[in-house]
Structures are given as structure tokens and as C-alpha cells.
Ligand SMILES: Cc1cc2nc3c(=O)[nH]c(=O)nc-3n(C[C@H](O)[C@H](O)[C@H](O)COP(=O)(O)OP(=O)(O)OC[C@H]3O[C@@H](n4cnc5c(N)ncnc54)[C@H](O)[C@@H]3O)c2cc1C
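Just one chain follows, in the form predicted on its own, and it is written as C-alpha cells.
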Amino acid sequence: MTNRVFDLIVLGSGGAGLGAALAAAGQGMSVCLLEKGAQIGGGTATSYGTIWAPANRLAAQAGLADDLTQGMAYAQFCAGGTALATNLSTYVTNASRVMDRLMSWGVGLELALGLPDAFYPHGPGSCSDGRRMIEAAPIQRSAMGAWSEALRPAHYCPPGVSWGDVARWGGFANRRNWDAVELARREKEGWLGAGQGLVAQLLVAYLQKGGHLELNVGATELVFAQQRVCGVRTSSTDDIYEARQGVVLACGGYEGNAELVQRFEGLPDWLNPFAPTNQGDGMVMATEHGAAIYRSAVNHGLLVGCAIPTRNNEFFSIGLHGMPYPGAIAVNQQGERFCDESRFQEVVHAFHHFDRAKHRFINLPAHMVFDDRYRQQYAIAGAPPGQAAPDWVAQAPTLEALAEKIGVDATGMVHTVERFNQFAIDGEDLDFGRGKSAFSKSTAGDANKGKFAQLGPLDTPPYYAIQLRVGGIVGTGLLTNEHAQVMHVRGHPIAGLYACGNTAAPTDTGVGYQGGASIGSGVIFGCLAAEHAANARP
């Protein structure tokens, strides 16, 4: 039997796990970070990598002072009354302090200027300039040393490009006008941005503090002694990792577990946007010992995507990278639009509409439809603009023929396109108000087209369609308190057990989906878990 003994064991190498591990190592604890998969970074590595942090020091240093009261008002508006008040307050009041601690341990951070509070810039207390959005400072892959090739790949931002860069460069729809020389330089020199950059910054700081990391080690059960969690048993039943002060579950949600997705999400045709290793391990291990679970009132962490057949049906977030661009709409089987396509939260919300008379989800299946002018100007599922549409994208010379090919009512779709085209010409979507979202225009609009940044007619054949799928951050997780302690079903903390990131329920954000709050919550509560464990020696 191989016994390994540490002060703290952390499961999962995304932002939440790395934040917890670094905070523990920064306080002098011995830490073992275990990653079930062969790659580092979890969902964070494939994300845009921002952290929402009101009243932070970086903003103050830039002369963009923020008001914590206003930040709290905005967070409460986003939550819509469904967050746990103590956890929401804990996030808001600790965000700036945790960012300071990360930087004191060597994590390079900077403001993602240009990103407004997303996705509710109209909410009370909101900011429009990015002073609350924090992202990783540029870092080269070589800084990761021996772990440099183990970083999970990302497909949304080009190498070395951050979400702040995207906003400052005119948005994803303006990619054809980005500086090709600068993009090539960043790729050649191995610069990392967005989620990959954040993972690299946290990992490098953690390793410099003497932290221990192991890949391909999955935990199968928690080990208890003296009524507290004191370690984990791994896939080899003879392999136990002992933890003197606690175990942090930061191993993602159940996005790759079809049974749990059906049980808790209830939407058909789910597509996992994260690693296949996200099987709900943390929730399963904890509930075996009486842990309580919590379901968000409305899961606004869902995304609109499509499957990329050439990449093993990998999830691609077309709700941000495609559908908001001018010249694309979403239609249901009746050929009708059903939402503001530029805001993926509205698309997902519309997916939930169930028609009791027809006994089916009225807006599923759904397709993104676009024309050849769109293909010439914008990227299709991440490919460079102007390339031929991939073979897996449906294509036809007329709208009627395309409708028949994808099983959509032709008359309805032709009427819908004609109506939308007039809106695009006039510059106002009278049906759903598309193009009014400040956030969506900042990152997914065509900056060259002014008020037509997200409105363009579909009038240039041939026409194309891509089936839309839903996936994202799951809405159910372990119930935790303000210290990230996992709560027992009888209302008390389970000693020595913590959870953060997508393993924990989104009790601090409620129904709101504020950009940067998901990773922010994981990192912040990961650090709070380490702080509590450091002061809770058995």
C-alpha cells in the first residue's frame, strides 16, 4: 500500500483547484493536487479566463475606482433573489482581497478593459468599462516547465489572445481585421492568454511554492477518521492519499455523465462542453457520506453550441462565436425565430419552452441559418473567415431547399428571413431587440458596421445551417457555506471537506450568469477553503 500524507489534498486542476492549492501552499501547507485526466486546466483552460471582482485594487490603481456597494447591488440584481445571501456577500466582499493575495503569491493579473459587466449592463450598479473584469497577464508556455505540453487546448481565442484583447480589437466578428503579424508573433513565442493564461499563472505560482501535482489520478471515495474527512482513495484501491487538514473537491460537475445530466438538467440532446472526465465524481463521493446537494432555480450557466464532427463531436460555443454576427439567425422547426440570437442566455431560456398541446420542446431542435455573405466575412465554428463551409454544415442553393434538408417548415423559414431582412435594413429588430446588448456588441458584434453590428440580411445564396445544441455549467452541485465547507443534509458542515468551482452549487450567483463569476467563484471560494483549512487543524 502506498501512503502519501499532505496537509491538504485538492482534486481538480481548473481555476478552482489551482486557486485552492496555491492558497494553501502560500500559507505554508503541504499540498497535493490530483488531476483525474491527462491534461491540466479543466474547464478554465478552454474558457475566456476572466474573474469578476468589484472594487479591486487594479482598477483603483488605474484611476477607475469602484464602489463595493454598487458591486453588491449589481450582484444581487443578477441573482434575482435566488442566491444564498451569505455566500453572495462572501463572494463580493472577498473578491478584491483574494485577488491581492493571488498577486502577492506571484500570479500576474490585469484588467480586461473594454468588457462591460456581462451580461446585464442595464442592471443597477453595473459598470461599462471592464474595471471589474480581471484576467491573466500574458505568460509564455515555457514558464510551465515540464508541464507545458500538458495544458488543455483552447479553441475560442487564438494563442496569446485574451478576452480583453478581443473587446479592444473590435470583437470576434471583426477577426478578419485583427493584426495578423501580432497574432503570428504571439503564437510563435508561445504566449498564453484567456483561460490558458490564467491556468498557467496559477500553476507556475503554485509550483514555485513547492506544490505537488499528479496527473491521471482519479479519486474514487473519501476516507473518514474521527468523524472528519482525512484523505481520498484513488482508482487503485490500495492507494490512499492522506490529508491532515482537509480535502477540496474542485473536480468539475457532471457535464459528461448522461444519467446525471438527464436527472438534473432535463434538456434533450445535451452536449458536454468540458472534459469527458467530468462525471460528477465529487458530488457522488460526498453524497455517499450525507452531503446535501442544491439545485439552482434556473440554470443560466448553459451555453449554445454545436458539435464539431471533425473533433470527435466536441462542443463549440457558437452562441458567442457565430450566431451573434450579422447575417445569422436561429429558427425552430416551424422556421420561426424565437429569441434574441445575440444573447445566448435568451436562446437557452427559449429552449426550455415546452408546448403541452404538442407535447414537446417547441424550440428544439433548432438551427443557426446564415448565407454566403456571412461565410465570406466571418469564421464558421472557429475556422478562419472566408474558408469554404465544412462538409458537415448543411448547404443548399435556396432557403426552401435548405429547409427541406434540415426538416424545417419552408414557408415559415422564408417568411421569417424576409421579415428579419427588413429589420436588418432598417437597423432595428422589432421582434426581439437584437443588437441592443452592450456586452454582446463588445465581443461578438462587427465593430465596422455601427448600429448594424449584429444585424445583417440573409440574401446571398447559397444558404447554410448548423444544428444548435445545449450544454454548459450544470445547475446542481454540493451545498457549501461561506467557507466552502460541504454541508451535511442535517445542516452542519462535514469536517475536513470543501468544494468549489462547478463541483459546488452556484449558491452565490443564483439565476444570474455574470461573465467572470463562474471562474471567480471557483478561485475565490477555493482560496477561502484553504484559509479555513489552515485554521482548522484537528
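Values in this document were obtained by computation on a predicted structure and should not be read as measured data. Note that residue numbering follows the sequence shown and begins at 1.
Omitted from view is the form predicted in complex with the ligand, to which the following refers.
A residue is said to contact a partner when one of its heavy atoms sits within 4.5 Å of a partner heavy atom; V331 fails this definition for the ligand in the predicted bound form, lying far away. Remark: V247 does not count among the residues lining the ligand in the predicted bound form, judged by a heavy atom distance of 4.5 Å or less. The ligand is not shown here, but in the predicted bound form it comes within 4.5 Å of a heavy atom of G12. In the predicted bound form, the ligand sits within 4.5 Å of a heavy atom of G43. Though the ligand is absent from this view, in the predicted bound form it lies within 4.5 Å of a heavy atom of just one residue from V92, A83, A366, L303, which is L303.
Put simply, of S162, S342, N278, Q196 only one has a heavy atom within 4.5 Å of the ligand in the predicted bound form, and it is N278. Within 4.5 Å of the ligand in the predicted bound form, a heavy atom is found for all three of Y48, Y156 and S518. With the ligand omitted here, the record of contacts in the predicted bound form names 34-42 of 477-485, 57-65, 34-42, 491-499, defined by a heavy atom within 4.5 Å.
Using a 4.5 Å cut-off on any heavy atom, the residues of 180-218 that reach the ligand in the predicted bound form are, in sequence order, V217, G218.
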